[in-house]
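Just the one chain here, laid out as structure tokens, in the form predicted on its own.
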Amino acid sequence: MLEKALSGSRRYWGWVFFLLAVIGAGVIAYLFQYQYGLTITGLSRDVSWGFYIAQFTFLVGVAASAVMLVIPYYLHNYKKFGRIVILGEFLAISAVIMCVLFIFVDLGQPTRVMNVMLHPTPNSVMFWDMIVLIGYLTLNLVIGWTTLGAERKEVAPPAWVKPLIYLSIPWAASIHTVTAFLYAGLPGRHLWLTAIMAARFLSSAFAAGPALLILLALIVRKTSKFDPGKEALQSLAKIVTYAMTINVFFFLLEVFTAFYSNIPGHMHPLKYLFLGLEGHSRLVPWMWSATILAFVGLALLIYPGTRRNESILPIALISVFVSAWIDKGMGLVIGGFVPNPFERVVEYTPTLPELMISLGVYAIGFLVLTVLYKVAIAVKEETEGVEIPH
């Protein structure tokens, strides 16, 4: 089926070559980092995780969000999701690939990747994070490609796929839960030391991921003959609404606990993020922007009239997505390092090479997504009107 990705309009090939150009720039920046090491980044002894890990953390949630389509479609026979479930699975594949690449560039030396596999340490959460990510990538590749191939042949998927589909549901939750444990298991970082970290991760994932998927589906509708279905997108928008509401509620719980307890270690990171600390306030505009966007997005999604208006819906979804990207990315990661265990404030700003490498990784992810979506849409257009049992 990959041959379907080798034909397309000028706009399609223009987009592909643009992504290849960005990838090329990212590769050049990475070669610079490979030669000189992580000293070219803004990382330091006090802030050892930065923009790379922030993107990894966020994208794990985007990957896990595919389960919001799999559960209704396969467990509850919600047929409206039948047209877009493959889009969710393919989005998960590209998101996991980006996650792995962000870890790869963050390690500095690529040979260190082999240490995780050649010298496994089951008592390390990072080891299990690698296991669940590779497993989830494999599951989505096998399930997505097999079901799409069966749909092209207008037959039901083979019986052995069903157990894998059921396995992918808890596995999706596991990839973000294990990622949350990477943070919640560090007692020296007060912002991360919370029992609801995994719950916060999952709620933000189920808001940002489906929001991105709806935006992609709207783009697909405009650029192809394939219609994902208005009812399916509206149902997914409701999921985004509920998940974002829960995400904001969980964050407010953290704020209440930190300030009502009056424990300095819990208050200082939040003060740094929203008010500044000891004259340092680089992230304050970002965090307030995330807060405003979160409430704007929620207001537009909660009211049925604006949620059903497909001219306004993208604004709400972009607001939710960008809010989660800021909060769960730089806000969560950098906020956990400020102040350091010695109560000193050391700020972090990503450098130009970091940003170029990150753009290159995103371009690789979107290139994979473009190819997969091109194949999926071509198959969908071929089998339009044919109902395939699942």
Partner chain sequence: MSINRRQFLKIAGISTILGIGGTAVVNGLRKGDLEASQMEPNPEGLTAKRWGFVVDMSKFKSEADVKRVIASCHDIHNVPDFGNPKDEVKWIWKDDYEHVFPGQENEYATEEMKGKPFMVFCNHCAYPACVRVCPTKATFKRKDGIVMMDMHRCIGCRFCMAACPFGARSFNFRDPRGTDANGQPFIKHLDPEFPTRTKGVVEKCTGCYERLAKGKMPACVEASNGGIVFGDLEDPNSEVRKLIGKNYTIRRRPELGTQPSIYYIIGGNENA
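Numbering follows the first chain given and starts at 1. Please read all numbers here as calculations on a predicted model, not as lab measurements.
What comes next is about the form predicted together with its partner chain, which is not displayed.
Between 60-68, 339-347, 355-363, 317-325, the stretch whose residues reach within 4.5 angstroms of its partner chain in the predicted complex through a non-hydrogen atom is 339-347.
No member of the trio S7, R11 and L101 reaches its partner chain in the predicted complex with any non-hydrogen atom inside 4.5 Å. Checked against its partner chain in the predicted complex, the residues L137, L164, V296, L182 give one hit for a heavy atom within 4.5 Å, which is L182. Of the listed positions (S261, T223, T121, S289), a single one reaches within 4.5 angstroms of its partner chain by any non-hydrogen atom in the predicted complex, namely T121. The closest non-hydrogen atom of V27 lies beyond 4.5 Å of its partner chain in the predicted complex. Taking non-hydrogen atoms only, L186 approaches its partner chain to within 4.5 angstroms in the predicted complex.
None of the heavy atoms of Q55 is located within 4.5 Å of its partner chain in the predicted complex. In the predicted complex, its partner chain sits beyond 4.5 Å of every heavy atom of R200. Residues from 79-107 that approach its partner chain in the predicted complex with a non-hydrogen atom closer than or equal to 4.5 Å are D106, L107, in the order they occur in the chain.
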